[in-house]
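Take a look at the structure tokens below, where one protein chain is shown in two forms, each on its own, as structure 1 and structure 2.
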Structure 1
Amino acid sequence: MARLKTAFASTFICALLVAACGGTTTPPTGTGVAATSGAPKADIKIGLATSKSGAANFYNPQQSNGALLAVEQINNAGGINGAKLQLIIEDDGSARDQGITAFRKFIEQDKVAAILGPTLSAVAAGAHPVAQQSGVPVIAISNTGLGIVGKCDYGPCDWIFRASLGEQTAVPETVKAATSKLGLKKVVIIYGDGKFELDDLTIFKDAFKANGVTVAKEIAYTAKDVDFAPFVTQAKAEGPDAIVASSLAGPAGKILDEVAKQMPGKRVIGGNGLNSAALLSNANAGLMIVGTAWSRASTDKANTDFISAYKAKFNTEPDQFAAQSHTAMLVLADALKRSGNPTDKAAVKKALEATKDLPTPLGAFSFTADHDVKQPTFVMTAKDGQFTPFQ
């Protein structure tokens, strides 16, 4: 526990209490239990919707752990002006209806101050409007598809924020790097039938066109498919320079295995679905090229402290999904503190909008005018069980 407190001191305490450290400034309110009087303050409830089950269950352990670590560190440092955070985790099931149910529970039963999640963009398309209509702030922690913030398909979405780098930013950077270093002329895209995969398909096609690369064939699979050999065989027939996997981690692992078997040495370019730690144990993970929001190699102190604390608590390495959920909780805690009243959701929303250059594992964190995260893209591959810069 002492290690957690030490690691956290340079991240949360510096970011929230000392303006000179480069974070968002904090008004001169009480900073902990010692600054309060009378009875203990009621807990501030935060909802986390994450895929404990379903197609996206690969990402849940890291998402839950990242948020839980942040809550523990924040509470150990005195909470939000003396009030403790209480994290309520619900399974969104990787399904739209279950995500909606989880959001309604958070809002109607748990009376949360804000919500993080859900895991998938397709689930967010159903769940986020529930929070929007109720005026509850949401921070998307892994929704990288189209229409999550800014101009949303369901209408106004000004209560929704995103702490996960959108594919419209990450994919073009990935394609640019891969094209330059591999001399790509022709690729084949293998894609799934979910919202994330279909959004990625569109973004990849546009990015390859912008880089002068021909998409020779688009090969679709469904969520029910388990044998990916036929899809890779079709792709091989086109003689591509690389394969593109527009998929979640589960199918991506099968695509990697088949590419390694049928086209040894051929690289597999992917989107955010391939950033999971679940793929690092795959013997063929070194074939991956992927754009990510987080780099383990970053020597920024907020990042190295996060990695150290995460390993100490969970005895495993964090991944991008852990870093994003951890960061989202830090950003939310900062806004809750600056709001002056964590129970005033409009004040919390306004404080979130003012977030600027907050030290986090993702780097100096700010929101754009469209409530999107502003940060660099890291193009990575895998080596020795770790994500490492693609060079």
Structure 2
Amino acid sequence: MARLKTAFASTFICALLVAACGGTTTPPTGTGVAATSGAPKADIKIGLATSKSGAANFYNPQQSNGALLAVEQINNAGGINGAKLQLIIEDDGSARDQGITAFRKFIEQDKVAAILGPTLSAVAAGAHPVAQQSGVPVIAISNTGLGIVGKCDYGPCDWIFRASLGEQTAVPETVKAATSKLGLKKVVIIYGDGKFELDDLTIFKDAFKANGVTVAKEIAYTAKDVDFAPFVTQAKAEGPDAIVASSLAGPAGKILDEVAKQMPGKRVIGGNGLNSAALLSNANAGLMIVGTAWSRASTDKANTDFISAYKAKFNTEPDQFAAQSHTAMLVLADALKRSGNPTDKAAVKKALEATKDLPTPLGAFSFTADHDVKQPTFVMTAKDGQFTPFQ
């Protein structure tokens, strides 16, 4: 028994220290772009929390590359009034507690001027309050659900901004365009059981009510469903004019295939979940109508420059996640310049609020009073493997 006591005591103390001794010996280093040393002013550090592992790892590498490209461009053009930008990227592992740890590291150890991310809304629900309490500006770059900016569940969230077009703005535009062009009277919504899908469901229902379209049925699938034929067969029985997919890209692809097979000629309306490059290779992608925050076809100079620079650096096509993280970094840099003192967080916040029609790949970019993104919504469909405006 005595041996057990000593073993118990020693391991218990080590249990407290293991995270400590573990942490310090190999402090997590970001893969920040090597800022050119010897800059007269100290570097300005920006934190990016993004899912490189876990369920949402498919947002990367685009989400990281978009921001890295912007930092490189800004530094080459003289940085922030001479000071260089340094981007520190941490993997939030698609998990709430790791997202919180990444945010705490940016704030406590890296002493960043601002933070971008995290990728998933469910992680943001835990990470954003940490930044809000410490008074550090955050720009959400891929959270499109409810309760991220403006009226947040965790109380005041005035330090939180959003560069990723919220579903509340994108979906109504899409529904309006689809209803008018297709003369919709009755639709059926197929939705998943995650936070994103359920937010979308609420927004779609309100949008259709506003446009006088009846939602004949709401059919729920779960993350464990493998085959979507039964759902579309069930929807078909209601004789809708169109099917609405309140889902992420994977299930949406299967819904597109089933609708093409079982309900030829009917379109599939979707939210931001459908806005993924992977769907473009789906043979039935042409059926979808989706409100996106970014149109590859937009001819704004800021967008064409972005696409060519991205292809030059990463020799692959950028997607919406890259465009949004790139835009967020441009908006942040612009605000840092205008703030006069990048380390004064309140000044940076005020400068961010004053962002007005900044040219970005997403178009003329401003923040609303609620710190949400104000930008045109591009209602798109797909043709020959590319997103094209929905006429």
Partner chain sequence: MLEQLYNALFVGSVYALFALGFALVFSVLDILNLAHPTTFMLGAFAAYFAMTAVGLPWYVAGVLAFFVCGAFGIALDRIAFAPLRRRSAPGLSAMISSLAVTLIVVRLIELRYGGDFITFPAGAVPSLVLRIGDAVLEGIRLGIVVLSIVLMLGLTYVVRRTQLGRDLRALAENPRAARILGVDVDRAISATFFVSSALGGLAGVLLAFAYNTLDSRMGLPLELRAFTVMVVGGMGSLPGAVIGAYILGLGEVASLVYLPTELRDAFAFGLLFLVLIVRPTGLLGHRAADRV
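Remember, it's a predicted structure, so these values are computed and weren't measured experimentally. For clarity, a rigid core is taken as the largest C-alpha set superposing within 1.5 Å between two forms. Every residue number counts along structure 1's sequence, beginning with 1.
Asks: If only one of the two is the form predicted together with the partner chain, which is it?
Replies: Of the two forms shown, it is structure 2 that corresponds to the form predicted together with the partner chain, while structure 1 does not.
Asks: Let me spell it out: two rigid parts, one turning against the other between structure 1 and structure 2. At which of S164, Q98, S276, A245 is the hinge?
Replies: The hinge between the moving rigid parts is marked by S164.
Asks: Rigid-body rotation of the smaller part against the larger between structure 1 and structure 2, in degrees?
Replies: So the smaller rigid part is rotated by 14 degrees.
Asks: What is the Cα shift of P264 between structure 1 and structure 2 once the core is superposed, in angstrom?
Replies: Comparing between structure 1 and structure 2 after core fitting, P264 shifts 8.0 Å at its C-alpha.
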